[in-house]
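This document opens with one chain alone, in structure tokens, the form predicted alone.
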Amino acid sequence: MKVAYITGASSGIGKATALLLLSSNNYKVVGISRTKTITHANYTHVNFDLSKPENLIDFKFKHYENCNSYILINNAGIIEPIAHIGNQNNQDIANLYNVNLVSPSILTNKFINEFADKKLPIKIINISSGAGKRAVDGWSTYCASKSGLDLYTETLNTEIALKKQHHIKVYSIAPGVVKTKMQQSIRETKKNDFNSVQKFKDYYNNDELYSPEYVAIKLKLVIDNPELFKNVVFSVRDF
């Protein structure tokens, strides 16, 4: 039995990935999110608001009997505030960094601390973005948080190599433009706040968005076959 912890499992990529794993009899899934939208015998919901990482200090990962692999997917993410610097809501800035970078860092730290010495196969997947590689007007906080998540992943991989912890695999994967609530928020942004908004409207109108289910299949491929993926930071477009 494999156990997968997934943040943001109530919708989008997180939910699609949870359902895909649950369709296989050898997975248990623990969803960490504010709402529960999945009912399944092998699904456990943990009600948690990742914008309040201080509450994670007492969070504990559970050990499961007969588990032969643990997986952590830091999927939860937000893009608001979408606005130029100087016009952003300060609480929104704090919430974004907490959800996109602070909480994943704390969860990963706890995950490694809890399971690294068990010598069981461990996989960590951080959901990143192509926006972490370039400047996008209106997305300053989002770009910075995803860039930070990529470098965090690379640093973790460096430490794993130094310790020769070959049973631990870690990746940061950009899913591309996906049909999620985040994309809807982007399309509803005013051009004064995000100059490229029309491009994202065109993606939607031309049916160029990946489905969450497509991305979930790609993530499961990485989970099931980590030996095939040598890069630590990459995009679903790369395979």
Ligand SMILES: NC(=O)c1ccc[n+]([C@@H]2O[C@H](COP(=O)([O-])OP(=O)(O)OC[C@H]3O[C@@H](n4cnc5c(N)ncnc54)[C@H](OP(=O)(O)O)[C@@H]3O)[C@@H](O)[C@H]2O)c1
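What you are looking at is a predicted structure, and each value in this text was computed from that prediction instead of being measured. Throughout, we count residues from 1 along the sequence that is shown.
Just so you know, the form predicted in complex with this ligand exists too; it's not on screen, but the next bit is about it.
In the predicted bound form, this ligand lies farther than 4.5 Å from every heavy atom of S69. For the chain shown alone, S129 is a contact residue for this ligand in the predicted bound form, at least one non-hydrogen atom being within 4.5 angstroms.
Put simply, L50 is close to this ligand in the predicted bound form: some heavy atom of it is within 4.5 Å.
This ligand in the predicted bound form comes within 4.5 Å of a heavy atom belonging to S33.
Within 4.5 Å of this ligand in the predicted bound form, a heavy atom is found for every one of S11, A76 and V178.
Between 106 to 114, 121 to 129, 152 to 160, 85 to 93, the stretch whose residues reach within 4.5 angstroms of this ligand in the predicted bound form through a non-hydrogen atom is 121 to 129. Taking a 4.5 Å heavy atom cutoff to this ligand in the predicted bound form, the contact residue among L56, I38, V197, M182 is M182.
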